[in-house]
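Take a look at this single chain in structure tokens; it is the form predicted alone.
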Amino acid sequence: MQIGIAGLPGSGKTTLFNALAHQHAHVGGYAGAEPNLAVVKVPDERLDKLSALFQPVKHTPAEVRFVDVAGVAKGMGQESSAAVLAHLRTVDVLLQVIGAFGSGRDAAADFEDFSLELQLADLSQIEKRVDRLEKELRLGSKGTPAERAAKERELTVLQRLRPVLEAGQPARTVTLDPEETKSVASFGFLTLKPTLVVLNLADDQDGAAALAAMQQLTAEVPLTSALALPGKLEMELGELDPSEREEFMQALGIEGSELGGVTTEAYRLADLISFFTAGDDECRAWTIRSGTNAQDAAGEIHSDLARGFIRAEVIRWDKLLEAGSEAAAKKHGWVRQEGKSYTVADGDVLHVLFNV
């Protein structure tokens, strides 16, 4: 999964990137043309417990790739902002950082200002593509009937999204079916992406009221949610070794880091789940979209497993732990034989049988 981190200048987004990714990127006016990038292992207690049972040679958590782009200022110019935001078109979830620390900040206004920049970037793409498609279809451009039908379908979707963006609303307020979504997927529209708004608080700030107001605002927009955390404090905690971190947190009366909630919520917004493979060689977490069938999930492991799929042996991770071994789980009748159409559930442990 890829998470794109963006926001207005001074929001503290690179500070949050450093905290999430355990990096030391320059903060305070970062305006680089290239984004800050980092790949982070996703903590998963379920996988840890499976590895404790099997004692495998390899322990492989799922990974999240963070992409932190330069700040996009209101009125900086459509071309300049579009160049920065282009780095986010391939991410799965947008993490919009709002600076809520200090006095005189209006989180709601910052949310609206940055959202407008995203809408303008998407609208620019749509206007250019609509003009081209209309011309091609009017002139009867070369192509098969299927290609013409695909262009007509794409144009129809773009014409549905255009007035929504012009009205100041994100594209994700429009309900698209899977085929419609596929027809415009190559654009990577920013306002179609699930969006997690993070209020960046001061170290000792009670952000309950600010968070409640932001949650009320984001509740009106599909695939959008909000949470709050002290970015600078989280970054500083991440720079300490474990013993110092524990002592520091106790001194401040902090029970634990809140960063895990960012990844958890991003998974939920993107409708992603994890399944596992477990054995003496490796215990590994795999990320798939909710609703994925067993054959497609097998393909995430290796294309040969999908191509030669016979069936999958499936057991819940906690039932496998309770049994203590695969053999014991089979004796209890807890291991199910599932076909290619089985919908993989979050927390399933799969053993795929195949023949190529």
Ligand SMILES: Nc1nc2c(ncn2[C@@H]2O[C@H](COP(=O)(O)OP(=O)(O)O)[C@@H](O)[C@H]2O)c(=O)[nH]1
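On a predicted model such as this, the values are computed, not experimentally measured, just so you know. From 1 onward, residues are counted along the sequence shown.
Just so you know, the form predicted in complex with this ligand exists too; it's not on screen, but the next bit is about it.
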{"property": "Proximity to this ligand in the predicted bound form, single hit among 201, 88, 226, 161 (heavy atom within 4.5 Å)", "result": "201"}
{"property": "Segment assignment from 231-239, 269-277, 183-191, 143-151: heavy atom within 4.5 Å of this ligand in the predicted bound form", "result": "231-239"}
{"property": "Contact flag, residue 37 vs this ligand in the predicted bound form, heavy atom cut 4.5 Å", "result": "no"}
{"property": "Contact label in the predicted bound form: residue 8 to this ligand, heavy atom within 4.5 Å", "result": "yes"}
{"property": "This ligand contact in the predicted bound form: residue 27, any heavy atom under 4.5 Å", "result": "yes"}
{"property": "Non-hydrogen atom contact residue 111 with this ligand in the predicted bound form at 4.5 angstroms", "result": "no"}
{"property": "Within 9-23, the residues that have a heavy atom no more than 4.5 Å from this ligand in the predicted bound form", "result": "9, 10, 11, 12, 13, 14, 15"}
